[in-house]
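Shown next are two forms of a single protein chain, provided one at a time as structure tokens under the names structure 1 and structure 2.
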Structure 1
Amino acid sequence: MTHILVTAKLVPDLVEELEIAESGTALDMTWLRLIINEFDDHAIEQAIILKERSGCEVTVIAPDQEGMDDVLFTAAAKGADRIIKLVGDFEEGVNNHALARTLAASTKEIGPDLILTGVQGNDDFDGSVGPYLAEYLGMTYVGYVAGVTLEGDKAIVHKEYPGGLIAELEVTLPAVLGIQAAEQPPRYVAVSKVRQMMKEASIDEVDVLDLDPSGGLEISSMYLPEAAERAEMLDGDEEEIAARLVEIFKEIGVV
């Protein structure tokens, strides 16, 4: 039976107004609402689809953050067989280098055949988790995946390219896939079912004693975008718009 491991994390809800902390180098987390990373939610859905189709075992693993228990129990209600929480100093935020190293250590003990991650997160300052995790584990990585089929020790993946192009790739397992979209939208789970799962399922906890952030970016300052009326709408056919763009580029010294 193929064992699928899905990684998940919480990210800022961009519907909320974001505020910068007094330090000027991070978001103010006091009242910030966190939600599951949209692409991680699709990764969980894709894993459950594969379980329903091929009888796979699904494990979901995530760092300990406020609200993460609800996310993990929701994953269990959808069909995840095991849910794991990494317990450590995650509340103030952690870069993706440190998160990937921590996930890699736990992954080696779990021994999955396939790892699914969200292709990216809205708080990725230093790259995405998936490629780092694949590197630390010595596995193949394919990102921007929108569909997976398992055939023995191989995964047939559909990878999206710009312009609407779709490539079909054959990947030998074990491997890490960055999911952009599951084959169907993440399913809705009733609150009553999640509450029932809170009584029936348990979250396995893994202590994280050290978070190594080396390799990540050091943020020197953050600021909100300046509000200004600097947009110019260009009218005309393709040649007229292209000519006007060249004029603008010359005016600002780009060419």
Structure 2
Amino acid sequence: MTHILVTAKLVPDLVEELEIAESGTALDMTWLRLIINEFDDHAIEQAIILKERSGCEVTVIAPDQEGMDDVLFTAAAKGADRIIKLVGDFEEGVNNHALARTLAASTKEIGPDLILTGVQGNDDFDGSVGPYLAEYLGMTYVGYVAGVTLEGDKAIVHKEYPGGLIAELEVTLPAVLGIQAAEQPPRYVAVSKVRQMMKEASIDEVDVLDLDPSGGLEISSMYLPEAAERAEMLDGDEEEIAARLVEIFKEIGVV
């Protein structure tokens, strides 16, 4: 049976206001709300789809960040067979080189045929996890994948090219695929089912001692984009804004 490993991480929720830490070289983590990297959510969905279609075993592995237990139990509620948490110093954030190295070390023991990662994270500065993980494991990497079918020791994948073009690729396993979108949107699971999983399933913990961030470049300065060319903001209540918009439409010549 094909064994699929999915990696997940939490990233800043971009709907929230982001602030820079006093150091001036990192995000301020104090009020930062973390959510699952949406591409990881798609990777989990794609793995579950493959399990339903071809009877695979699915393991989800993730670093210990605040809120990660919920993500792992949710994955279990969706159908993941095993959930694993890497326990170490992840709270202040680690770079993707370090994350990929610890994932690679644990992966060797798990021995998957196929690894699905989210294609990128919104906070990636030193590249994404997938290619590093593949390389540290000596596996092939293909990213920006939207659609996977298993055929023996091969995966047939749909990779996105610029301009809406799709390339159908035959990839020899074992391989790491960076998932851009699952074949269908990530499914919803009822909170009650996740709660039930918290009682029934358990998270395997793997201790991580040293995180090795080498290979990632240091950020020398971090700031919010300058507000110089911001839009002219329309004031007033909704009625006033609507009236002003219609005036603008007339000026532009579309009304």
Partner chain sequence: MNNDIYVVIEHLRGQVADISYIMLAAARDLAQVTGGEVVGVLLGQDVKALADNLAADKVLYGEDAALAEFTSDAYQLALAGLISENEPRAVFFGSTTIGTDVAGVLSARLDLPLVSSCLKIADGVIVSQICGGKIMAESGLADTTTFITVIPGGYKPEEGQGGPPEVTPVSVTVADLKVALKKYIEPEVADVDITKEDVLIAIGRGIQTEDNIELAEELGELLGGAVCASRPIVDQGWLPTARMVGKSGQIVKPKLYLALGISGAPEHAEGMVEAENIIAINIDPGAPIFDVAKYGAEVDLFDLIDPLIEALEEAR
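It should be emphasised that the depicted structure is a prediction, and the values quoted were computed from it without experimental measurement. Here the rigid core means the biggest group of C-alpha atoms that line up within 1.5 Å when the two forms are laid on top of each other. Just so we're on the same page, residue numbers count up from 1 along structure 1's sequence.
For the form predicted in complex with the partner chain, the corresponding chain is the one labelled structure 2. E238: CA moves 2 Å or more between the two structures after rigid-core fitting. Once both forms are fitted on their rigid core, the CA atom of E247 lies 2 Å or more apart between the two structures.
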